[in-house]
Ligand code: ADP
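Consider the single chain below, provided in structure tokens and representing the form predicted on its own.
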């Protein structure tokens, strides 16, 4: 009796488990060498020839053409980590892969998958408690936030800038959007522009939009600007139906042209009389209207998309007006300054010091597209982790110190776990060692020797990590060197990696149908 179609393929039992675990481990291994301040970069080339150079785990996994469903789960781990806390994607993926490796060894010892899952969840609970114990007691002030930003960016592409210089910009941006309701992370955007050294990267108290003035004779800078946003076309009205007009004389033609000119001049006069200094429209502006407004000293930008119109409205407090007759100062927004700049072939408008004053932009410069793209990813991650640290108020030691402490706590608690589940709890602790071991390998050290030394230092000193400073590598207290991470990054990595590994380990039947 046939239940499945002839084209279906089925893999069962140990073969299915091995296939899934192998796929998950392979994906995790692909990003392992990017971990830490000495991590290497990956060059990703698409079928169209597009090149991405990065060591950001989420970007690498997202760009890889992965088909295996179990391997795709590891990609989802990185995506979840990126969406929730903004950093630690490589840590989460590598940890998930090593949890699968430990699970495979236990399966070879005839430990049931359900027992492994139960043990892993028990170990994860202990690990989360251990993270709570590692939280540094000092206040998360600007100095600590800068350390969080620097730790996030160390080893990533920062162009010619130091992580310290970028950290100043990142913390300033996050502090600007920190309010009574917490950090409004969405109000910080990153805008990139190729054509200058990365040293020209700066924070703009406002927004940056890709637009150019509607007329060349319009002012390029307007101080103390009243702003309006129109959803109206400023051009000659046209009918909704096709119509023909018969003109029998030159006088009739001139009359029609004069009427058209009068209509357009009326639009321009209405705008000018309203007192607005800068006009943004989501529709088109006739060249003659733009010329009239240029003579009046009004700066106009037309054909904005809805996204940019919303950004400008949010930043300046301007209301969007749907009829020209409704144009009034009560609907205006305000900005301290609006200026236009040309960068190569690009025209940008900077809206600074808006009345709403809720939006800031990190304006990123770089010499090449690859540098700018990597710098954008780096700053984006730093903004996320600083926001996370500020919201939670909790940071933990970096440089592998927290993983050493967690593994030590899990091992000590494993002795109290009954039955074969104890093996899974111990395996979980062994899997955590992959983080300090990988950090050691990526700095050119012997992973086993470093792991032994880290454990010994943890026992004697209470806190020890593999700290990299320039060319030197030493086992020391990361807090003394300013190497810290948000506690939520560690928690999310443990939780997401555990969930993915246990889900994959429980699969014993794979059915593929055409």
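Numbering follows the first chain given and starts at 1. Just so it is clear, the structure is predicted and the values come from calculations on it, not from any experiment.
Keep in mind that the form predicted together with adenosine-5'-diphosphate (ADP) is missing from the display, and what follows is about it.
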Stretch in contact in the predicted bound form with adenosine-5'-diphosphate (ADP), which is absent here, among 43-51, 60-68, 479-487, 452-460 (heavy atoms within 4.5 Å): 479-487
Residue 447: touches adenosine-5'-diphosphate (ADP) in the predicted bound form, heavy atom cutoff 4.5 angstroms: no
Residue 281: touches adenosine-5'-diphosphate (ADP) in the predicted bound form, heavy atom cutoff 4.5 angstroms: no
Heavy atom of residue 466 within 4.5 Å of adenosine-5'-diphosphate (ADP) in the predicted bound form: yes
Partner proximity in the predicted bound form: residue 89 to adenosine-5'-diphosphate (ADP), non-hydrogen atom cutoff 4.5 Å: yes
Position in contact with adenosine-5'-diphosphate (ADP) when the complex is considered in the predicted bound form, options 201, 98, 438, 151, heavy atoms within 4.5 Å: 151
Contact set, 364-387 vs adenosine-5'-diphosphate (ADP) in the predicted bound form - heavy atom within 4.5 angstroms: none
